[in-house]
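What follows is one chain in structure tokens, specifically the form predicted alone.
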């Protein structure tokens, strides 16, 4: 089939689906992006003002290199700041095998990094208080992606290239071998269901993916993650005053970003949370997780007001069994991108490229360094 005559639907207007749609539009494909909620909204996993970008913590750098290049190119097109370099500290004891492994990746890739002992951390970052048995790997290229600007920039570019965005809830997806994909879409404003047909479909529906594709139900789980913001009366824990991203998820389940999006508020997150139906997220209590974050703030960021969060928000993680995403074709006309386990935003330009290539049957164009074999559904069988 001629590429220009193809019709492709992408289900899910978060950052993964939006990048997949943009790549398809850049290839000249007639593409429709379907998102169930009017945008912008806070019900999925791509909302808010910030996401961490880090080189340290990856086994390969190709997907991150490509993604950063695309973010920076999008900055040039839009004239907006999408990425702010802050540096990143990844904590662990000296000789920590995981950190040694990740530092080796940076060393072999010719990237700067540094091991900091606890006294160096205390001297360089006096707003922090960590135990003497902890050091940290320093990644000077870590930084913050301005999430809402990123999502808006990708979708705006998609529309400029002739893409179409529909607001409606996809109720079912039926792959019909050799004839395309039939999609039923419910529209809240008219309370009707419309049947749409496309040659190919890409499903990037986050925590709603398993509901659309039952064959994935046993593999995916959805976690409600608390996102807390803490007052910084001293003003010392901001990007401008040199606080980096704090990545302590392996040891404590916690990571944090300096004051940037909300003036005078530091963002702290628990990397996990209670398993939750995404349509019932507001009924779930996550107080124990917020208490853990509060304890962490009290012990390690003593200049913050640790009595209670100034702002409490939530995000959804869609977890896979091995915490790596599933990026694969599950029928000749149906592709999935799901299970990003809280780490999908920074890679999304590369992931979108992979999903678009799979949808177009151009698997061989996916760069070898993207390691597409690592993300196939077959690995669970």
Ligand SMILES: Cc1cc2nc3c(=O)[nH]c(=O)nc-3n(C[C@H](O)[C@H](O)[C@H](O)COP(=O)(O)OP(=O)(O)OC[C@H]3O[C@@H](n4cnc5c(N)ncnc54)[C@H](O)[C@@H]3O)c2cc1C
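Numbering follows the first chain given and starts at 1. Everything numeric in this text was worked out from a predicted model, so none of it was measured.
What comes next is about the form predicted in complex with this ligand, which does not appear here.
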### Query
Using a 4.5 Å heavy atom cut-off, are 41, 227 and 345 all in contact with this ligand in the model of the complex?
yes
### Summary
Checking 163, 207, 244, 135 against this ligand in the model of the complex, the residue with a non-hydrogen atom inside 4.5 angstroms turns out to be 207
### Task
Only one of 359, 22, 9, 16 comes within 4.5 Å of this ligand in the model of the complex by heavy atoms, so just point that one out.
16
### Task
Examine residue 159 and determine whether its closest non-hydrogen atom to this ligand in the model of the complex is within 4.5 angstroms.
no
### Task
Spell out, yes or no, whether the shortest heavy atom distance between residue 92 and this ligand in the model of the complex is within 4.5 Å.
no
#### Entry: this ligand contact at residue 328 in the model of the complex, heavy atom, 4.5 Å
no
### this ligand contact in the model of the complex: residue 46, any heavy atom under 4.5 Å
yes
### Summary
Of 292-300, 207-215, 106-114, 73-81, the segment with heavy atoms within 4.5 Å of this ligand in the model of the complex is residues 207-215
### Task
Could you run down 138-174 and flag each residue that has a heavy atom within 4.5 Å of this ligand in the model of the complex?
168, 169, 170
